[in-house]
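Shown here is one chain on its own, the form predicted on its own, set out as structure tokens.
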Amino acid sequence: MLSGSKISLATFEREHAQKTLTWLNDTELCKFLGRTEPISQAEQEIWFELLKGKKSETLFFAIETTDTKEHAGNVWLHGIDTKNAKAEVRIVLDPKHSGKGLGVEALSLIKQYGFEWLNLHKLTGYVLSFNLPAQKAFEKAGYICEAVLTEERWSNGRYVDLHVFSSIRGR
């Protein structure tokens, strides 16, 4: 669908769901996602079926490397609000692909898709305060930190701040 120099955004298919389940059950990665409970194969299957029915409010893409077509992560627009022309950006990367610029490119491509194809006005992403790689990726992709919500989420046994990143079309 959309391609950059390092990655392309592909339609999320069943084969992507299995690798995603592995990431979502990785205890280290879950700390960055704010997840605490493991997900079963049955729960993942139900989620995948529900995802197919939410095309108007959630657009989910697999991040694939351009050279090997390896599934390196997912990026999606959640809570698409056509009345107010906005959506939330979410991303998860396979830890072995972290630090290679794939997240920055995925965030840039999803922004391009949201603004040019969906005619959205604003995209917003939420990042836990200790997830510095994600904060840097959003910034490098042209999002700005417009707020810090103090002690907004419970994570790793304590309340942590939540950074709100946004990008507005034309700015």
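Heads up: residue numbers just count along the shown sequence, starting at 1. Please read these numbers as outputs of a predicted model, since none were measured by experiment.
This protein has a second form, the form predicted in complex with a small molecule, left out of what is shown; the following refers to that one.
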**Request:** Mark Gly103 yes when one of its heavy atoms lies within 4.5 Å of a heavy atom of the small molecule in the model of the complex, and no otherwise.
**Result:** yes
**Request:** Would you check, heavy atoms only and a 4.5 Å threshold, whether Leu93 touches the small molecule in the model of the complex?
**Result:** yes
**Prompt:** Should Pro133 be classed as touching the small molecule in the model of the complex when contacts are defined as heavy atoms within 4.5 Å?
**Reply:** yes
**Item:** Exercise: Gly99 in contact with the small molecule in the model of the complex, heavy atom 4.5 Å
**Value:** yes
**Item:** Contact stretch among 37 to 45, 109 to 117, 123 to 131, 142 to 150 - heavy atom within 4.5 Å of the small molecule in the model of the complex
**Value:** 123 to 131
